[in-house]
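Just the one chain here, the form predicted on its own, laid out as structure tokens.
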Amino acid sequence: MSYRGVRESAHDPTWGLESKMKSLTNQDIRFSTAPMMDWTDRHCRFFHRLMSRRARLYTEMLTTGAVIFGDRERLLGFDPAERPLALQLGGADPGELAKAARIAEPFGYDEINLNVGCPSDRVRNGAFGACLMLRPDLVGDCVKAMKDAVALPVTVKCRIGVDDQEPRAALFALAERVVAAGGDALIVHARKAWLAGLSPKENRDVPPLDYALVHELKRAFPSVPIAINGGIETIEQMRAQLEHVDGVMIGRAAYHNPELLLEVDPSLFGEAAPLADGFAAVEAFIPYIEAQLRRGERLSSMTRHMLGLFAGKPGARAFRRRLAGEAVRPGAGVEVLLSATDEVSRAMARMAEAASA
């Protein structure tokens, strides 16, 4: 994939019409990258798209208040190359979620996703996110309100429960309400969230994974597209999960090792990868970076999403150090990225020379 002109916004009415004609299928959710606060912004998504044509990308969570009252072009605009792209909304008021969904629809999103899984202090204080696991009837009302408001698929990303909830009862109660309300798919992070006693970071690792429960949910709702999230890091693990569910969602593994995305299209969709390797990804990303720099963006806004590139390869540490230290400097340009990439090229050449000696 090459970059053919950057648009400040994807606010194109024809995209909305295209989305309205498309329903959500199991293939649509076969592989996706998770919505991650402060990470999956438009620069990150454009970079990830270069490495997979088929991955379904998700925005960072946007609250209903931000969408309704904020700078809509800045918050909702995106480059068309990012599609297929889902917008994740955070909120607990059906009317406000419906209004936010209506505002977002003309921008060309392929899906609206409701956050019922985030355990951060921000969402706890707002009584949404993972807190909604305790209120399945309200979640159903929220889904129905959005379904009535827009023609886009409406999905839910949830946990298997919170705090002292019994996971099977909590997850199945939520799923029943979502399906009854017309929800198009469920994405389940296969851990509980502990709203009391664990930090948001700990909630990503400490509660044990229960993949079997999500598999059971799929057996109970065979016609509902269901994807699984949590602790999945390799293509082999993805394939194993796809024996039981319709899709896998990957978060930190894809962010910290972006080259994993180069394996997705060949391994999960039987299609050629868009690019050969991480070096080709750097080359393909440069025109986008140059266009963004001309708009006044700082180099680090783009390159911070590339720090995991070349993970495990010789020179990867020097690559990260060079980018982290120099991309933040005022006026830094693509030469910093090229110089950092050269660290990997030289290290790999030295290793190859030593191996052949």
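All figures in this text were calculated on a predicted structure; none of them were measured in a lab. Start at 1 with the first residue shown and count on from there.
There is another form of this protein, the form predicted in complex with a small molecule, and it is not shown here; the text below is about that form.
- The candidate spot formed by 36, 39 and 250 lies fully in contact with the small molecule in the model of the complex, as each residue has a heavy atom within 4.5 Å of it.
- Residues of just one listed stretch (174-182, 281-289, 227-235, 212-220) have heavy atoms within 4.5 Å of the small molecule in the model of the complex: 227-235.
- Of the residues 29, 51, 61, 309, just one reaches the small molecule in the model of the complex with a heavy atom at 4.5 Å or closer; this is 61.
- Note on the partner interface in the model of the complex: the residue among 72, 102, 204, 144 having a heavy atom within 4.5 angstroms of the small molecule is 204.
- Within this chain, residue 155 is remote from the site of the small molecule in the model of the complex, having no heavy atom within 4.5 Å.
- Taking the partner from the other structure, the small molecule in the model of the complex has a heavy atom within 4.5 Å of a heavy atom of residue 88.
- Interface residue remark: residue 189 is counted as part of the site for the small molecule in the model of the complex, having a heavy atom within 4.5 Å.
- Although the partner is absent from this view, residue 241 stays clear of the small molecule in the model of the complex, with no non-hydrogen atom inside 4.5 angstroms.
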